[in-house]
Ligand code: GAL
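Shown next as structure tokens: one chain only, the form predicted on its own.
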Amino acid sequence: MSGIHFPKNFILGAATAAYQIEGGRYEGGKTESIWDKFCEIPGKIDRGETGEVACDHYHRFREDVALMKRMHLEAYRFSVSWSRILKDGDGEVNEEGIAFYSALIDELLSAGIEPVLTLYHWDLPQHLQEMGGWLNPESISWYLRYAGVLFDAFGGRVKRWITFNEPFVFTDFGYVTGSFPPGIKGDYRSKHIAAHNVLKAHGMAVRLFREKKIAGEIGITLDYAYNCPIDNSPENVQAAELANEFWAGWFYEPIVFGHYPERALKYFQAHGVAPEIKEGDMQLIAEPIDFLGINHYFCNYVEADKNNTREGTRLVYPPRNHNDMGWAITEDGFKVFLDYLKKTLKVPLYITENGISLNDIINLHGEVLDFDRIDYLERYLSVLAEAIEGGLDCRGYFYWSLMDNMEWAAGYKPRFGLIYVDYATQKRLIKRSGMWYRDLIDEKNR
């Protein structure tokens, strides 16, 4: 028995993303995405790995749904590859792509698993990138047409929709760090233009969802590595608040409050890298949503630093356990973060990603005994359950990830999954953590 108690209507599921698991790069009428091309650039992906085959989910989705059913998952959050739906991103509808996702949705429903659909999880069609990508104002129209096709094809069967996954990550890594496509470094102006267009596209998709009277709910997923002060001194508390404005708050505040963070906006305007905000933009971005998804893996701990003229902070590294990617395990910070969400968020919350990468191995008995992952789950889910008991309106949790997969630029070395994947044979094996998660779901539903 876990000792973790959730309400019976609380959803426990797992999540994936199309490029990370599907494979089938040249199959089913799919055209190229930016990740297909980015992986071909030498040095961009660890060990030169690609998503060309990935977990071969494109051919094995029925087997994967059967594994979800064995784990008693209540919901499955997946993303759709834009390049499978519209040829070159803005061409004719690809009926083979529609048929693939339709079959996946039907398989989930027949297994008693709720499909939760993310429209965009980072894989922009390459043809649209060559037309300027998210820097092109027309990107809003491109995305709106794509969203409309999905609403028409799957509306009714899919009840929960997510417009975008982590706009901070794909705009910052795409235009500032250069570690994601389009691989540009240090261009804050382009980052903010792209992000502003993404947020407007989100708002337009929400409006279209309402106009089409789709039965169900729609929201967006933001990543939030919350900045906590290293202590409760006024200067460190203020510094952490400012750091949050510059990072995840740049996306959270427009959607939730209807404006960009004031101090961060003034700074970016003074340095000539802020987006152009036209009349009606912020109202569009703050179009009412039914829920907010949050992806959370760790918190940062910061203290005031007058030498940092932007956020006014510096990272502090207290002793912590870390995962295989070097991310700290900070369930105490998660508790503080959930309290912030409880105070500021006016719509229901879903934790749409949370998980840990470990150096998993199969032992001589054919098992993956990932007790550190179970420990991680117990730490974070205990905090979440306590927050819900204290009044937080959180409706569900999705572990990242259902199965081991391609962790973007880090390739296949990180293993986040509840299911172990042998990439040479594509054999799947439910880890000990997957069975622990099954038992947690059963315990909740007794």
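For every residue, the number given is its place in the sequence shown, counted from 1. Here the structure is a predicted model, which means the values were calculated and not measured.
Another form, the form predicted in complex with this ligand, is not on view; read the next lines as being about it.
- Contact between residue 123 and this ligand in the predicted bound form is not found at the 4.5 Å heavy atom cutoff.
- Interface membership of residue 118, defined by any non-hydrogen atom within 4.5 Å of this ligand in the predicted bound form, is ruled out.
- The closest heavy atom approach of residue 297 to this ligand in the predicted bound form falls within 4.5 Å.
- Shown alone here, residue 400 lies within 4.5 Å of this ligand in the predicted bound form, counting heavy atoms only.
- Proximity to this ligand in the predicted bound form, defined as a heavy atom within 4.5 Å, holds among 340, 188, 257, 327 only for 327.
- In terms of contact with this ligand in the predicted bound form, the residue from 32, 407, 49, 56 that brings a heavy atom within 4.5 Å is 407.
- Remark: of stretches 408-416, 40-48, 59-67, 377-385, the one touching this ligand in the predicted bound form is 408-416 (heavy atom within 4.5 Å).
- For the stretch 12-38, the set of residues having any non-hydrogen atom within 4.5 angstroms of this ligand in the predicted bound form comprises only 20.
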